[in-house]
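Have a look below at one chain only, the form predicted on its own, in structure tokens format.
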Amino acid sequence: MLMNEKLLRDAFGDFLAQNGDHYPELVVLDADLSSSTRTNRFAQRFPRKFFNFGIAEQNMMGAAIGFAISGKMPVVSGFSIFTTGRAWEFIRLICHDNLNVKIITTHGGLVGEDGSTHNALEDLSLMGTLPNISILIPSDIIELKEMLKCALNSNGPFYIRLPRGSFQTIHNPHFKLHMGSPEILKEGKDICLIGIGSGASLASTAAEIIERDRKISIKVINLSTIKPINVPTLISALKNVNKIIIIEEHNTYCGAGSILTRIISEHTPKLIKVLGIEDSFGESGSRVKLLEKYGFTLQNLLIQMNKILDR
């Protein structure tokens, strides 16, 4: 976690509390985790629009279906792995009927001291298989706020995945979200780094340092929309590079990297490396140590880049 940056879940809680009046149909549902997800801030301002279901994610998601059918707009909160894992069948029903439910979770990816069981390294696989749902992963607080506006002003199911901690700010205050399109953070021609969530800031930082040391040109893309993906725009953004590294805090099996490699291989085959969690549940420990262990560091990114550039 970056100590000088606000937690994304704090920004999420503040956004709901500050904008509850703007969305009269908004209700917020929680599974006894509101102090962690920060939805307790909405509960304090709008107690009649907040519902705590206890540790019962399936009941919570079932109630969200009822709220949506009745014309309300439920925001469902909780930890990423428990919300998506325990209630997946109910989420499938939401997507099947294209209901207006916003699933916004915290503690995505490697969560550190909360423990191995709380790591969410499979949720994108679970959610990505479902038709009709939009899947968004912010790279910083500025992008998160744009995503929240987009979700609450759009019809249909959304899944927005937040971390436990904070991400380095990489956007300026005037940033506008273009859902579905890759965001080019930096142009380059020798290799492209595609960052997802925390991977975007790692890619941005690494590109600047590695370019200076190795004298190469690195393109950096922030891919914050996992679904839907604007395929023509993605392929156009990659047309001038032949080697790609995708960085995501997720299992490399069936995650965003798998989705991207399929799309890219069908349209413009290139050499691709996915930097993620290699078929593991992840361990317990400090987030800094976990990022080091699983290779989300400048040193490992340089190693992987050298390997792919030499091929």
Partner chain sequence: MVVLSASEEKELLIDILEIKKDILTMIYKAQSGHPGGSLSCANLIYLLYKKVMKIDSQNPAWKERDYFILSKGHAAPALYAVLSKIGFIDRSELFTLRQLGSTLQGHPIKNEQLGIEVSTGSLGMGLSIGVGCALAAKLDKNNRRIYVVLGDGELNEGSTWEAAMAASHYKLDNLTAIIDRNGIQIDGSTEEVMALEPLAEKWKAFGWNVIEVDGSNLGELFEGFNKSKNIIRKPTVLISYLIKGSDVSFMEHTKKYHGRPPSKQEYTSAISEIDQIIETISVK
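What you are looking at is a predicted structure, and each value in this text was computed from that prediction instead of being measured. Numbering follows the first chain given and starts at 1.
The next section is about a form of this same protein that is not shown, the form predicted together with the partner chain.
query: Taking 22, 72 and 96 as a possible spot, do all three reach the partner chain in the predicted bound form with a heavy atom inside 4.5 Å?
result: No, none of the three is in contact.
query: Does residue 284 reach the partner chain in the predicted bound form if we count a contact as any heavy atom within 4.5 Å?
result: Result yes; residue 284 sits at the interface with the partner chain in the predicted bound form.
- request: Answer with yes or no whether residue 265 is in contact with the partner chain in the predicted bound form, where contact means some heavy atom within 4.5 Å.
  value: No - in the predicted bound form, heavy atoms of residue 265 and the partner chain never come within 4.5 Å of each other.
- prompt: Does the 4.5 Å heavy atom contact test between residue 32 and the partner chain in the predicted bound form come out positive?
  reply: Residue 32: contacts the partner chain in the predicted bound form.
- prompt: Within a 4.5 Å heavy atom cut-off, is residue 55 in contact with the partner chain in the predicted bound form?
  reply: Output for residue 55 is yes: heavy atoms within 4.5 Å of the partner chain.
query: Which of 116, 169, 205, 166 has a heavy atom within 4.5 Å of the partner chain in the predicted bound form?
result: The residue in contact is 116.
- prompt: Of the residues 149, 92, 227, 86, which one places a heavy atom within 4.5 Å of the partner chain in the predicted bound form?
  reply: That would be 86.
- request: Choose one stretch from 245 to 253, 63 to 71, 34 to 42, 265 to 273: the one whose residues place a heavy atom within 4.5 angstroms of the partner chain in the predicted bound form.
  value: The contacting stretch is 34 to 42.
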